[in-house]
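There is one chain below, alone, in structure tokens, taken in the form predicted alone.
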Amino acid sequence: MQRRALIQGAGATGLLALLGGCATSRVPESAKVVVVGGGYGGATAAKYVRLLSDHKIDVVLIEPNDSFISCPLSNLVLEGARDLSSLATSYDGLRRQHGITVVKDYVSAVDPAKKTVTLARGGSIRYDKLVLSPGVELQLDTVPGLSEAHAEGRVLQAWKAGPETVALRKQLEALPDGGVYALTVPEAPYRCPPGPYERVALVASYFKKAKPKSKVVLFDANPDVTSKGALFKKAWSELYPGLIEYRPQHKVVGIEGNTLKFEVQENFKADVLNVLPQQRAGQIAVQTGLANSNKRWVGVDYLTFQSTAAKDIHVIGDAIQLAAGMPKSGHMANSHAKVAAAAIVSELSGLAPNPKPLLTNTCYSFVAPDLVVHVASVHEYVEAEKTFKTVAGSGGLSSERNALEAQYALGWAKNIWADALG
């Protein structure tokens, strides 16, 4: 039944074509794929390697957390519209329905020559193919004073949904009416381009209800809003007049107490500081020597998502050097994973990967708990340039914020969580 459902789904998305014919009949029974990281990319890759190989390839997923927690929708926790637990999904579906071995641990080292990963709690696991989906590392040390303030719990990032999201919500609850919340955005690229702009809208939504004398200040190192700019600015001015102040081209270069220091402009003091520093590929990718693009991101062969620095290691999601127009988003990581999984199954079967993979992306942003805007796109692999390019005329932006898209956004979340983990 799972095979039939897969074929139906694969036919709709073009995944079946990626397998290169009867790939599953050639898969060696002893093949093993290890996946590091159980987020949108890793969980999807683990599941789809099993499905596309007709459950012949042994898959081990290594993830330190008990459950998957979605970053998309987590700004609603700051608003008070959702609890963090509502964003969590167990890995039991991958275990029970797909026979994936889930190991709760960190990977402390990768040996590309021996094809092994070493676990933090001891022992190692051999692989034929390795999928790294490590997400991003927030470079706290690029802002003097931030590492110490973060360690003390005074200045949070909450950019990886989890305990920090709850802690930031508590800081907002403790803020007196009339207080100031300041969020800083690093220069692009960073994880989830529209995320900061959604966050200030939802914090303002909370202030409007509970602390109407308070204020939100967004310091953006970029020259303008990097995603859905007109839609966000319209929502800020019409839904939260006087509550949100946007300051572009403000690059934070230091923190002292509750004061932000900027490269050019005057210092600014706020009651709650939420600092998002520069980001790079997750630590295990950097440590393994895969971050060969500006020492921050992993270069990959976009046809298979194999690292350009190490054979048989495929890297997906926010950690890679992106093709033009390709955002660092959960949906995009899910798309990377399917192309990589299909390429892995094909290669382990002695077949060439599909020469024309497609990627899709949709990103919904809440500007209020019941109002949403979106951006969507389709990306095709162009052999002549060996990269993905956005398909002309695909996707697009919302014409305006609306309540129907809020329902679409919640439906999108349920569907993609089921696709990755169900």
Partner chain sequence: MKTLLARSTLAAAALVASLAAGGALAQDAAALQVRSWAATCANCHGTEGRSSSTDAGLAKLAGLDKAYLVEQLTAFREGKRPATIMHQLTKGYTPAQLDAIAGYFASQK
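It should be emphasised that the depicted structure is a prediction, and the values quoted were computed from it without experimental measurement. Residue numbers count along the first chain shown, from 1.
Below, we refer to the form predicted together with the partner chain, which is not included among the displayed structures.
Partner contacts here mean any heavy atom within 4.5 Å of the partner chain in the model of the complex, and among 202-210, 347-355, 185-193, 80-88 they occur only in 347-355. Contact here is defined as any heavy atom lying within 4.5 Å of the partner chain in the model of the complex, and by that definition each of 364, 395 and 408 is a contact residue.
Checked against the partner chain in the model of the complex, the residues 94, 291, 107, 342 give one hit for a heavy atom within 4.5 Å, which is 342. The closest non-hydrogen atom of residue 48 lies within 4.5 Å of the partner chain in the model of the complex. The closest heavy atom approach of residue 382 to the partner chain in the model of the complex falls outside 4.5 Å. Taking non-hydrogen atoms only, residue 360 approaches the partner chain to within 4.5 angstroms in the model of the complex.
Interface residue remark: residue 280 is not counted as part of the site for the partner chain in the model of the complex, having no heavy atom within 4.5 Å. Although the partner chain is not shown here, in the model of the complex the stretch 403-422 places heavy atoms of 404, 405, 407, 408, 411, 412, 414, 415, 416, 418, 419 within 4.5 Å of it, in sequence order.
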